[in-house]
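Take a look at this single chain, the form predicted on its own, given in structure tokens.
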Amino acid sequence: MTQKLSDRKRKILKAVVDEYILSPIPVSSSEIKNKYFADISSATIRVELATLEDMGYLIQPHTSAGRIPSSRAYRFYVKNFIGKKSLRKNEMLIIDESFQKKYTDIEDIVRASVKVISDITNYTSVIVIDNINDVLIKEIKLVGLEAHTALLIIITDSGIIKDHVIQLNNIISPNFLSDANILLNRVFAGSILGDLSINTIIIENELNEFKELLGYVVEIIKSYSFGNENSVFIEGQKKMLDYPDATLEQAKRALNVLENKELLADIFSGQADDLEFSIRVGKHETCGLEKCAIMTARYRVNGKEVGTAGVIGPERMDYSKVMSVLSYVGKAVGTFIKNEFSDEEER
């Protein structure tokens, strides 16, 4: 049975973790007293630190050194003390500017998201798109550009997945566009992205002049019906080498995990449905990543879950900041896609 921590032990433990997150230097009793507990004697604080060490919350690297948090301490910390904190104005501006560009491809949106998460947190970031095959195609639009060039727009219940310029042998006349739009929506509208088996029969029976166009659409849609290998996006892998309290061997092991996209997909998709955020600390919770922690958040668009975003960082990561970044980016992505979707609906 786990021994319950007294209020004073909780406050001292929080102080140690807070200090170690700020700077990876063992925290001394005098530092704790001077910054947090002027009304408690140094002797009392040393006793409490020793007790917390005996309980497995703190580690003393050397006899004369201060203490550092254990994985157990970080797990207690994230469960009891962290919450979102306000991002700096320049950080919010960087995120906002990332989504002011014109993205017409879901992969571009995801890559922009995973990059800005890594840039702002300075940790390795991962996004797993795990429900792309369940997306419903709402509408397909073909817009003529030149005699043989057209813009193909695919709209789903999660927004636009692709604006794609295609070249056709046919001359793209007004009549061709009108007939093509009717045909495309008869064949594809209402279909699930990952299941084209029913519509391929219809495609084979269509007029020859539309077969080339239909073939383009099928290939574009199939390119988005990807499996785990292609639905994992990573940014900032080498940042793991910069964690000050990790050994080279631990960093190499972490990089090996990052190369296994199937494993990453499993790790990042394993979040409880009722949690806004999931935090796992220590090698027993992070598939063997020593001195590491993983925080994930589910991303939704129009109420539909589209994937999971998160970071892999040191146990001493700034949990509150990571939580705020994931939340802010998630809202920015949702707003961007909804705005793009609304714009296309009005055209």
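Note that the structure is a prediction, hence the values are computed from the model and not measured. We number the residues from 1 along the sequence you see.
There is another form of this protein, the form predicted in complex with the DNA, and it is not shown here; the text below is about that form.
The DNA in the predicted bound form reached by all of 90, 98 and 116, non-hydrogen atom within 4.5 Å: No, none of 90, 98 and 116 comes within 4.5 Å of the DNA in the predicted bound form.
Considering the DNA in the predicted bound form, find the one stretch among 305-313, 291-299, 58-66, 318-326 with heavy atoms no farther than 4.5 Å from it. Contact criterion met by 58-66 only.
How about residue 34: is it within 4.5 Å of the DNA in the predicted bound form, going by heavy atoms? No, residue 34 sits far enough from the DNA in the predicted bound form that none of its heavy atoms falls within 4.5 Å.
Would residue 278 count as a contact of the DNA in the predicted bound form, using a 4.5 angstroms cut-off between non-hydrogen atoms? No, residue 278 is distant from the partner.
Can you work out whether residue 46 and the DNA are in contact in the predicted bound form, taking contact to mean some heavy atom pair no more than 4.5 Å apart? Result yes; residue 46 sits at the interface with the DNA in the predicted bound form.
Partner contact for residue 28 in the predicted bound form: the DNA, 4.5 angstroms, heavy atom: Flag for residue 28 set to yes.
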